[in-house]
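So this first bit is one chain, no partners, the form predicted alone, shown in C-alpha cells.
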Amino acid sequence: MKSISLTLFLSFSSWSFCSVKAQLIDEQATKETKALYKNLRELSGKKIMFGHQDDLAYGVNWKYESDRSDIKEVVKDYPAVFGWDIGGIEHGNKENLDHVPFDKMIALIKKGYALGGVNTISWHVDNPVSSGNSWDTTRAVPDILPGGKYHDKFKTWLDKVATFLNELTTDNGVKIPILFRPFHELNGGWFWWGRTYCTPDEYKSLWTFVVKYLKDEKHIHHLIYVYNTNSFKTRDEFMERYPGNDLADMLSLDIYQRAPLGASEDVLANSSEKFKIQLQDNLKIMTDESRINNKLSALSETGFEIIPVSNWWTNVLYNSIKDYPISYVLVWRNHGYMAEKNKMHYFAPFKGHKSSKDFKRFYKKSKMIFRKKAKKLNLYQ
C-alpha cells in the first residue's frame, strides 16, 4: 500500500492539528530531525507510539537473529520506538553495559530508522571520578564541570559519544534523528548524577555543558534532547532540575510497577491500583508542565517485570495513559533468564506469554501506534 502523509492520516482519524508551532532548541537541526519533532507535536494528544528497549537485538531465549522481535512474534508488527543505551561508549568498549556490541547497535538503529520507527538513546555513563559504574555514587558532578579536575577527561568521553552519534548515518548520508536522554532518573538516589549527589545548579550546569558541547563544539545536529525523572511526589520535585526551555525539547518520566515475585492475586490487584494512581498523578503533572513550557512529553521507561497480571496492557497501562498527550510509552528490555539472580527478567510479552492475548488487544487500540502505522506517517518528512 502506498504511504500516506501524516496530514492525511490525521484527517482520516478526525483529529485536528496541534496549533502550537514546533521549535527545537537546536536551530541547526537537520531537516529530518525537525520533521520528526514537528510530526510528534502534531500527534500529541491523538496517538501514542509504543516502544521497547533493545527490541531488535535480543529477546527471551534468542539473540541477534535477523528480523526477529518478541513484539513482532506476538502481534506481527514491530514497535514504533526502539530504545538503546550507550553505557560503555565512553571507554571505547566494543559493547555496552548490557553486552550489546556497538557495531550491532549501529546497524540496528539504522534498521529501526529504515522501518519508519523512532530511536531513543540513554547513557548509563560510568563515574568519571571514581571509575566505578553509574551506580557508584561517589560525588562527581562538580569535578567534571568546566574548571573541574576531571573536566578534560569528561570531554574525551563526550568526544566518543559524538563519534558514535556521527556513525548513525544512512547510506545516503542522512543523520538518523535520535531522542537523546542523558543523565536520566535525575531525582533518584542510585546514579552519581542523582538528586542526592549534586545540587540543582550543578545538575543544570552539567546538562547545559553537555548540550552545548555536543551541539556547538562537536556539531551534532540530529538530537532531540529529553529531560527525564523517575517517579516523583510533587511538581516542584519534577521541575527542580529542569535546565530551561532553551536546553530541552521533551519532558519524560520513568516509573515501574513492582510486586513480590509470586504475589497473590489480591496483592497484584492492590499493586496495580496503586501504580495506576501514581502513574496518572505523575502524567498529569508532567503533561501540564509540557504544555506550559511548550514541550513534548513521554513515558520513557515503564513496565512490570515478568508481567504477572494477564490483562496488564489494557487494564493497567492503557487505561492509565490513554488520556494524556505523551508521544510514546516504552517498556524495558527482554533479557530473559538472569543466571546471576536466578530469575527471569523481561518487560514485554513474547510468544506464549500469558499476557500475549491482552497485548494483542492493546495493539488494536486506535490510539496506539506500532511500526506499520508509524511507517505510513512518514515521520521524517
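Numbers follow the displayed sequence, beginning with 1. The shown structure was predicted, so the numbers you read here are calculated from the model rather than taken from an experiment.
As for the form predicted together with beta-D-mannopyranose, it is not shown, yet the points below apply to it.
- Of the candidate stretches 211-219, 239-247, 93-101, 159-167, only 93-101 has residues whose heavy atoms lie within 4.5 Å of beta-D-mannopyranose in the predicted bound form.
- This chain is displayed alone, yet in the predicted bound form one of His124, Arg195, Lys204, Lys111 has a heavy atom within 4.5 Å of beta-D-mannopyranose; that residue is His124.
- For the options Tyr318, Tyr324, Trp332, Phe350, the residue carrying a heavy atom within 4.5 angstroms of beta-D-mannopyranose in the predicted bound form is Trp332.
- Mapping the unseen interface onto this chain, Met344 falls outside it, with no heavy atom inside 4.5 Å of beta-D-mannopyranose in the predicted bound form.
- Contact between Trp190 and beta-D-mannopyranose in the predicted bound form is not found at the 4.5 Å heavy atom cutoff.
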